[in-house]
Every structure is written in structure tokens, then in C-alpha cells.
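In C-alpha cells, the next block holds one chain alone, the form predicted alone.
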């Protein structure tokens, strides 16, 4: 046992097993746990609780920072251990339970969960389960690879269980910047004027009277699945990099651009990796997640600093970062997610936000969360926090997918809107880039169809728009046909008209 990681003397007799900790969690409790996009999550207590639920009728409301790793969400879902889940998830088993209606899911902007809890708009927290590198002499915890909502959970929960992860080096102290807002209506500004500004402390304050148990773990974070760039993601990245190079050429940006926020996934990694090839320098990030591409840019000398709420990387990158942590430590900072995603800070810094869409329509409305308008995929995450407040709001996706490009990702009208046309500046697919700045709705349609739509769908999209214009309107639509692509998909397995399918075959 690594008791040297418990430096607060009165905690040394509170070490318990994961199962003993799980037994504290009762049916219908509200539990907040650390964890943001697989990083810094509960690796012992929640899995033990999932196991407990195999044999007991017990289910909790679970609030995290974002998604969990090590199949924890899946195990909880399969054993009916979840009553309600928020604010984000990315697990196929849990997704199935949500879409069947067996788990209630609240899809929230990631900046808002802590605010809603602090202001008592959500039920009070019975328990917080927090991963720590170690506990200092005053009983404070040093977080691990994420901050997420942990500081808020520690502040508001009635009781606390600490998971000390011995796989994390002790020199993680100093990586974090923990800042807690004053209560309304007496709030001061969040005094962040550049990505590397520090405004808080490097630990999370814990009330010793709340701590009921300490559990030791040694599991590293679940590895991110990083796919190599393919033809489509490379084309998307190339279009976007060419756009930035032109913005520099005309004087709207410099070679250091503006602080970057990039969503997770292979498109995001392809775009970020592309910056190492371009004529860019002294880049900085103000984002949610540091991915493999962030460390590639550090190593290439293209990026100077990165601020986020978590580190979520591949297994190889994780090992490399931990082994060379001192080389990276002064180049990055991890913050609470209501600070990393703060509208105030995003707007002040002038963030360039690059996020992934499931699909968008001919006017630029974006769906990031629902398949065919009804089935939840993962959640809105932080894309809305950044899109509405950024210097440039960019959304990327492929123009079409599945065999024979059966599903168009450019449609007449999206069946679920996460980001309205008012919050979207640039749309990119492998076909090209649509710059929507300064364009009225009728101007946007032509640019989006011409530059972003797959060739197999351009004619039908243009025909739809032209016929809609006969009825007039600021944003012309044929309501009886607006969702015809989805109706066709449900009936035939393809969004294509029959003649298009025959031509493709």
C-alpha cells in the first residue's frame, strides 16, 4: 500500500476496498464523479458499484465531467445501475439504454453542469468520487489527468470517496489551476487574458469531515482510439488549412492564428496534425481536451502552450507523456470545465473553434447529437459553449457515408438542431469549404451545396431549394418534403433517389 500518498495524518485509517466504498452508494442517490473524456475517472468504485448492481436492485443518478473509460458506463448500463446520466457519454451500451428509454439522459453544455449544481437547479449530491494523484498535508487532493467538475463535486457533496491512482507520477502537482466562482450576484470577472494565465490554486480543497473512504488504484486511463487520417479526413484538413493560410495572406489572421479549440476524434486530430505541415508558428490552445496531435505540435515546435480540462491520448502517447512529463508540464494547464468552457473567456480570447457535426442543412444549421432526429449519439459536449462565443465557429463532417454514399450529411433541413445558423461561420467536408460569413440565408444555400454537398445529392438539394423559393420567405422550405431524405432512408436504407442508386450501382 502506498501510504506515502496520504500525507494528511487523519486520513491514513480511512483506506478501504472498492467494494466497501461501493456499499456506501444506495438506490436513488445522486453521485458526482471525476472523469472527463476517459481521463481521470473512477477506476475502482464505480466498477465495483456496477458489479453490486448485478445482485441488488440499485440505481443512481450519475453526474461526471464527460465520458468515462474502462467500459464503466457500459457495465453500469448493462446492470441497470443508472437511473439518470448527465452531462455527456460516448458508450454504445449506454447509448442503447438511453435510446430505449431505460436510462434518462440529460444532454448539457459542459460549461453548465457545475453552474446548475452550485445554484441548486439540480438535486443535491449525496456522494463525490474523486481520483487523485495524492493527498497533501492539509487534506487537499492533487488531481490526475483531468479536472472536469471535480472541484464543484468536492464542494457540494455530502460525502466524499477519494481514489488515489498510484500510476500517476507525483510531479503532476502544479499542472492544475483550480478556480471556483463567487456566488451570484457578486461574481468577479474570470481574469484569464491568455491561455497560460493562472488564476487559482493547484489542488482541490476537501473538507476532511466529508471523507468516508480512500481507495487505491493503479490503472492508467483508458486509451483514446486514434485512427490514422484517411482520404476524407485528410481532404477536410487540407481545405481548412488552406483557408487559414488565406486568412493570413489577406491579413485577418497572423501565423499564430488565434487560440485553438478542437473537438475529439480523427477529423480533429487530422486537422491539428496538419498544422505541423503548414506555415504556422507559436500556436496556442484554449480547449477541452489535449489529444495526441497536441503533443505532436509541442514536439514539432509549432505549439507553445495548451489549456484544457483533460489529457485524452492513445496508449503510446500516454506512456510517452508520463515518461517525459517534465518536458511538457510547463507547456500546459488543466482547469475546471466551467472555466475551460466559459463563454466569458472564450469570447475574450478570440477562440477558433473546430468541432464535428453529424450533419448540417442547406442554411447552415448543425446537428451534432441525434441520428435521424431521434436517437442520441454522444451529446453536445462543449461544442455549443465554443461555437456561440468564438472568433470563428467551424464545423466539419464528411459529405456522405455508408456503402454507395447512402447517407448525405448535407440535408434540406436537419431534424435536430444543436447549433443554429446564427452560430456557424465555416462548414467543411472533404468536398470543400463553405465560408458563410456575411451571407444571408439564400446566399448560404448556394455556397453550401456547391462546396460541401456530395455530387450524388447536389442536384436534388438544388431542386428542393429552387422549388421552395417559389413560396417565398427569408428561409424557403417545403415543409412537406423537408425530411424526405430521412423518410427515404427509413424505407429503403438510402437517402438517394432511385435513379441515383441505379447510377451509383
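Residue numbers count along the first chain shown, from 1. Keep in mind the model is a prediction, meaning the values are calculated, not measured.
One more form of this protein exists, namely the form predicted together with a further copy of the same chain; it is left out here, but the text below deals with it.
Contact annotation: of the candidates 107, 202, 238, 75, the single residue with a non-hydrogen atom within 4.5 angstroms of a further copy of the same chain in the predicted bound form is 107.
Taking a 4.5 Å heavy atom cutoff to a further copy of the same chain in the predicted bound form, the contact residue among 418, 430, 221, 163 is 418.
Annotation: in the predicted bound form, residues 84, 380 and 475 each come within 4.5 Å of a further copy of the same chain through at least one heavy atom. Taking the partner from the other structure, a further copy of the same chain in the predicted bound form has no heavy atom within 4.5 Å of any heavy atom of residue 455. None of the heavy atoms of residue 300 is located within 4.5 Å of a further copy of the same chain in the predicted bound form. Within this chain, residue 388 lines the site of a further copy of the same chain in the predicted bound form, having a heavy atom no more than 4.5 Å away.
For residue 439, a non-hydrogen atom is located within 4.5 Å of a further copy of the same chain in the predicted bound form, even though that partner is not displayed. Partner contact region in the predicted bound form: 339-347, out of 317-325, 339-347, 132-140, 399-407, criterion any non-hydrogen atom within 4.5 Å of a further copy of the same chain. Residues of 247-269 that come within 4.5 Å of a further copy of the same chain in the predicted bound form, judged by any heavy atom, are 251, 252, 258 in sequence order.
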